[in-house]
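To begin, one chain is listed below as structure tokens, in the form predicted on its own.
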Amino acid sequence: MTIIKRIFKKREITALAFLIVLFLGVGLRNPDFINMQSVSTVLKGSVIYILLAVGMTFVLLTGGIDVSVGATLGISAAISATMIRDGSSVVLSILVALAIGIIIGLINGIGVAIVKVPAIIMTLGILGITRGTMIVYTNGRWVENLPDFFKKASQASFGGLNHYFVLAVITVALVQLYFSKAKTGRFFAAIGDNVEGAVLVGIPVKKMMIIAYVVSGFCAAIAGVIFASQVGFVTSNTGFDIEMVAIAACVLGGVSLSGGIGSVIGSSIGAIIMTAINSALIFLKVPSFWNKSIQGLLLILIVVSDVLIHKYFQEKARKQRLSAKSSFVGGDE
């Protein structure tokens, strides 16, 4: 019984349970949704969201937010795709894209941690600047005619799983290990939980906040390169509104918007949920213009359910502590 309580106290379990129910529920209506090909498609499509969610988790844990990741993804995709199309080395193109993501993240981090600009304002401003720069760079045109070898790279698999998804899983595992085992890994949640307390115990708050935004930009840049490989072209509005999906994925996975609570595993599960919802609506033959509304409704329902479940356990734990205290006092008398 104790093990079951511990399991349900983990915020990731709510998201995982919903993911399973989603697949089973839609599968009852359309069995094709739960065949291996469909599941593989969902996992492959979730890679970009997973990578964005990994970076976003760093920022959210510190109590911040980064709404510029969609623009970072877009400009990284555009620049890497243009360089590869024009004959540049793939390695050099990827490194340039990653450098851009790091620079954007560094600017965000300095603005939030050093200059003390509110995170939503700073990253929203960078979103506009980056989006405008991308349009100027591409001249408002699509980046097309990418080499076949670059596009086919997204189709490779390892053990039946898309190798980009395998890369994403490995990344999630390493980051989760860092958060749980490394001393500095626990700093991010400590900052989000109590920034004043973090300063008092000697945590380099400004440095860690900057690192969080740099990681977010870096992950968005990786996602941009993978997007260009998967889709095979880059439009002038690539990445538009995708930051909302990344934030929603983290929230679905149990990451608190106020900071200090959450895990990258939960964020990744949330990313898969967001992808699965889009796929499920197609299998249920729901018109695409309903997608955003349904995603928003499900997000609210899941988050409210999660809050109620954990509030129940917290209240129950509080009553147990009070009961134990009362028994102790009564025993003394």
Partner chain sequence: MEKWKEFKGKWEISLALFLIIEILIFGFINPRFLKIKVLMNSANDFVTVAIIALFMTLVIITGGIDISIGSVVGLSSVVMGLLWQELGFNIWFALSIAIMVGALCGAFNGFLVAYVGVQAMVATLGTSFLYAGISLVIIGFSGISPAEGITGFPDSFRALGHGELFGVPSSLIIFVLLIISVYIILHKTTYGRRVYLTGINKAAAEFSGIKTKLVILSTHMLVGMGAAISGMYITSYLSSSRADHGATLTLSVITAVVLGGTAITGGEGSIVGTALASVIIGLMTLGLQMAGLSTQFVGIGIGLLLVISVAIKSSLGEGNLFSDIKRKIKSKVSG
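Positions refer to the first chain, counted from 1. Not measured: the values here are computed from a predicted model. In this text, the rigid core denotes the largest set of C-alpha atoms whose superposition between the two forms falls within 1.5 Å.
Keep in mind that the form predicted together with its partner chain is missing from the display, and what follows is about it.
K.L.:
Looking at 89 to 97, 244 to 252, 166 to 174, 183 to 191, which stretch has residues with any non-hydrogen atom within 4.5 Å of its partner chain in the predicted bound form?
P.N.:
Of the stretches listed, the one contacting the partner is 244 to 252.
K.L.:
Find the only residue in M36, L297, I282, L28 having a heavy atom within 4.5 Å of its partner chain in the predicted bound form.
P.N.:
Selected residue: L297.
K.L.:
From the list T133, Q230, T82, T235, which entry has a heavy atom within 4.5 Å of its partner chain in the predicted bound form?
P.N.:
By the 4.5 Å heavy-atom cutoff, the listed residue in contact is T133.
K.L.:
Taking 4.5 angstroms as the cut-off for heavy atoms, does K311 touch its partner chain in the predicted bound form?
P.N.:
Looking in the predicted bound form, residue contacts with its partner chain include K311, since a heavy atom lies within 4.5 Å.
K.L.:
In the predicted bound form, does A156 come within 4.5 Å of its partner chain, counting heavy atoms only?
P.N.:
No.
K.L.:
With the partner left out of view, is K116 within 4.5 angstroms of its partner chain in the predicted bound form by any non-hydrogen atom?
P.N.:
Output for K116 is yes: heavy atoms within 4.5 Å of its partner chain.
K.L.:
Is there a heavy atom of V205 no more than 4.5 Å from a heavy atom of its partner chain in the predicted bound form?
P.N.:
Contact with its partner chain, no.
K.L.:
Give, in sequence order, every residue of 84 to 99 that has a heavy atom within 4.5 Å of its partner chain in the predicted bound form, or say none if there are no such residues.
P.N.:
If the 4.5 Å heavy-atom criterion is applied to its partner chain in the predicted bound form, 84 to 99 yields nothing.
K.L.:
Does the C-alpha of S288 move 2 Å or more between this form and the one not shown once the rigid core is lined up?
P.N.:
Yes; that C-alpha moves by at least 2 Å between this form and the one not shown.
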